[in-house]
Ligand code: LLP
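The form predicted on its own is given below as one chain in structure tokens.
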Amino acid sequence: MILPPHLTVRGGHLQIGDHDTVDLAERFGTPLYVTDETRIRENFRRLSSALTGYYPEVRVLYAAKANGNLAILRVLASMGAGADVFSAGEVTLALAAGMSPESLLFNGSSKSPSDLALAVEKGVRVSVDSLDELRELDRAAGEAGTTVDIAFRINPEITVPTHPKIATGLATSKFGIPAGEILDAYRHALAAEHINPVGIHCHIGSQILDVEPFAREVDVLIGVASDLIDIGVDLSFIDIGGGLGIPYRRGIDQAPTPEDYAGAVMPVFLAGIRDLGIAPELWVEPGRWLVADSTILLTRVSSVKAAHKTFANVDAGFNLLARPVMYDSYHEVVAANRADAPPEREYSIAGPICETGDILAEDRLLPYIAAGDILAVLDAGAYGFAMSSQYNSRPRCAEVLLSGENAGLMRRAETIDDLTATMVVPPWQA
């Protein structure tokens, strides 16, 4: 197995940064998400540098949905990142982390009136997804006596090589306005009293392992930009979204690097804006690429059972990591306390949830595993805790942040009392 550079093996134990994962499991308990702050910073610098090497006016908006922990948002805010936000909660967290309102873009296909009112109140730009939304936003801004900067989200009708549930630029997607109808939407925005159209926005999907669709997307946006200029839109930014994938199967997945990504999209972007005679900011919305490999999920083996296959039953299930059951996603697994031992047999890593599909990893060749051992599920920083739940009335686990020699909670584990904290007794049961 090929480990990312911040994961090493010392004394038979898996290390993350400067820390022994077995020690972390004993100190904080399991299940446990562990994130290396240094790795996030390295990833941000690399991606940002790859893009700004071509063009200085690049703004990185972290896709907060990937991992919305406040501590992680604070790390990225300190690096100069803004955020692609998808809810009132994400707006509030991003602002609390120190991100400025003008560095946020409120995205989403079904924003409520209260969502839009919050964007108006906080001065956050909005990626508008429908004419109904445009009208409601204009009304909210009018009531507040202000004007709101917007983009429309464009559906470019581009097929991408990823799981269909995370391909967001398809003709059949719920997101965005078809490119053929976008000019009419901008005409409505120009006519609105409290709306200022200043950008265009697109996002074609997630976990994309080929840079060619991104180049096609930029080409579509440049064509739209040309038409928008003709009708009087003054573009201050072009947002090409995120979606750059990572190699969950290192040594097997052929994942593009940030340099590959920049080499594909930046020449198309630069040639396009040069021909149009404009100099907008380029906005990008990475999520997975920034945080996925920064984090592992530590889980303890409760029992080993030989049936039609050998199951290693662990204390983390799809209540904590939903990707395998939702998308048939693959995550590498390391026996953290036997990290230098040779593989001996195949195990399927099964969680405690009352569902047959609660398998975190299937048929993995691992060292001998016994009850009490600690397993590490790799690349769990994106859409891990962020998609967790309390299914089967299981409290969610703690999250720990590492920074050099420091290790501390960035989210405490929930308790049984937390499960009932928002429940109330109906009057007729009192």
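It should be emphasised that the depicted structure is a prediction, and the values quoted were computed from it without experimental measurement. All residue numbers refer to positions in the sequence shown, first residue = 1.
Beyond what is shown, the protein has a form predicted together with the ligand; the following relates to that form.
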Which of 133-141, 111-119, 201-209, 342-350 lines the interface with the ligand in the model of the complex (heavy atom within 4.5 Å): 201-209
Candidate from Pro156, Pro256, Pro213, Gly242 lying within 4.5 Å of the ligand in the model of the complex - any heavy atom: Gly242
All of Ala25, Phe28 and Arg300 with a heavy atom within 4.5 Å of the ligand in the model of the complex: no
Contact flag, Phe237 vs the ligand in the model of the complex, heavy atom cut 4.5 Å: no
is_contact(Ala50, the ligand) in the model of the complex, heavy atom dist at most 4.5 Å: no
Proximity of Gly287 to the ligand in the model of the complex, heavy atoms at 4.5 Å: yes
4.5 angstroms heavy atom contact with the ligand in the model of the complex for Tyr383: yes
Neighbours of the ligand in the model of the complex among 50-88 [non-hydrogen atom within 4.5 angstroms]: Ala63, Lys65, Asp84, Phe86
